[in-house]
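Here's a solo chain for you in structure tokens, the form predicted alone.
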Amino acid sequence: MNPPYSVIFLTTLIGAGQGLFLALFFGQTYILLEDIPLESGKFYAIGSLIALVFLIGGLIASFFHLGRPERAWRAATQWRTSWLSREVIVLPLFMFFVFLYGVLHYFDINPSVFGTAAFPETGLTIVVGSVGVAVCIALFICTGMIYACLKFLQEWHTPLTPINYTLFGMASGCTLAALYTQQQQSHLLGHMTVWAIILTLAVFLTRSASLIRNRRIKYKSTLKTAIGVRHTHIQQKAQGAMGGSYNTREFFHGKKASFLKSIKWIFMILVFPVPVALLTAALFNQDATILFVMAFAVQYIGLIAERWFFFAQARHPQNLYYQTI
């Protein structure tokens, strides 16, 4: 496939925003359960605002992928059958709950909802945050299933696709949360840093599993099935047209295999070992802002490369006719 940069920025930006919100909410519940000094309402309000900035940035990026942006609302009409339509609905819904969560904290509106001895700490922000978490997970699933549901793209048609989308978002969001808590001098700094490392290592395992799986794929469509010839050796010499076409522009990236291999190793290094090393060093020097900044920046650059590779690796069956340029 030809990687669309608008979708690359959409998925990486909203993933980081989702991960940051999850980190903030579970950080709040952790404080309540462990009896750690409470953070101020503005701490969660500013964090929610940062998450919203990432979500809005991703939403803006998505419009560059539309041929007719004024008709974007029509994307939500097929929600019964389309994961893309479901994502279009769930994304603004999630943004609303992130906004509401931040507003409640900013104005310190947190009345007890249950008000019983069994749930003494279940305030309104916890209830809103819990609903936000459910919507957030639904958004991760919708985004991943847009690609996992495509049976003819065998590299994507696996449960590992939505799992990786979820873990990548949570890992980058936790790394961003570590940077945010370091700037705010929060009691949650060590907690966020450790979870950023754990989630980065977790997605390293699942993404490696998907790479190994894709390397071993036995493709259902081949040159033989494409043209109906059962010869033992078939080699394409031309793309069948004098110049480029929609097919070569939209469904094939035009890069050499060596370029794809280099991109794979670039993201494998930038997304996993480098951020883990920087975050580990930051655990022993929590005043070093540069370590947290570099950890998030390097990981996000690596995520862009990873998402590019994710799209480029998928072999669209129509390229059996147009693969030679």
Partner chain sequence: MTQLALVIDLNVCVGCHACVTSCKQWNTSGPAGAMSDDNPYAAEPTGTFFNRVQTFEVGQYPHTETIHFPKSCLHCEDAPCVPVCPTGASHKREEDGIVLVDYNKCIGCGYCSWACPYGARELDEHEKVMKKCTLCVDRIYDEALPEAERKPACVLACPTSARLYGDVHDPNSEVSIAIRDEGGYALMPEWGTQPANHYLPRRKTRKHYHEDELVRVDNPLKKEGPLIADEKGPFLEDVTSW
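Just so you know, these numbers come straight off a predicted model, no measurement behind them. Residue numbers count along the first chain shown, from 1.
Not pictured, yet referred to below: the form predicted in complex with the partner chain.
- Contact with the partner chain in the predicted bound form, judged as any non-hydrogen atom within 4.5 angstroms, is confined among 92 to 100, 182 to 190, 145 to 153, 196 to 204 to 145 to 153.
- Residues 110, 126 and 298 are none of them found to lie within 4.5 Å of the partner chain in the predicted bound form, as judged by heavy atom distances.
- Contact annotation for residue 256: none of its heavy atoms lies within 4.5 Å of the partner chain in the predicted bound form.
- Using a 4.5 Å cutoff between non-hydrogen atoms, residue 85 counts as a contact of the partner chain in the predicted bound form.
- Proximity of residue 213 to the partner chain in the predicted bound form falls outside the 4.5 Å heavy atom cutoff.
- The partner chain in the predicted bound form is not approached by residue 208, whose heavy atoms all lie more than 4.5 angstroms from it.
- Residues of 248 to 270 that come within 4.5 Å of the partner chain in the predicted bound form, judged by any heavy atom, are 249, 250, 251 in sequence order.
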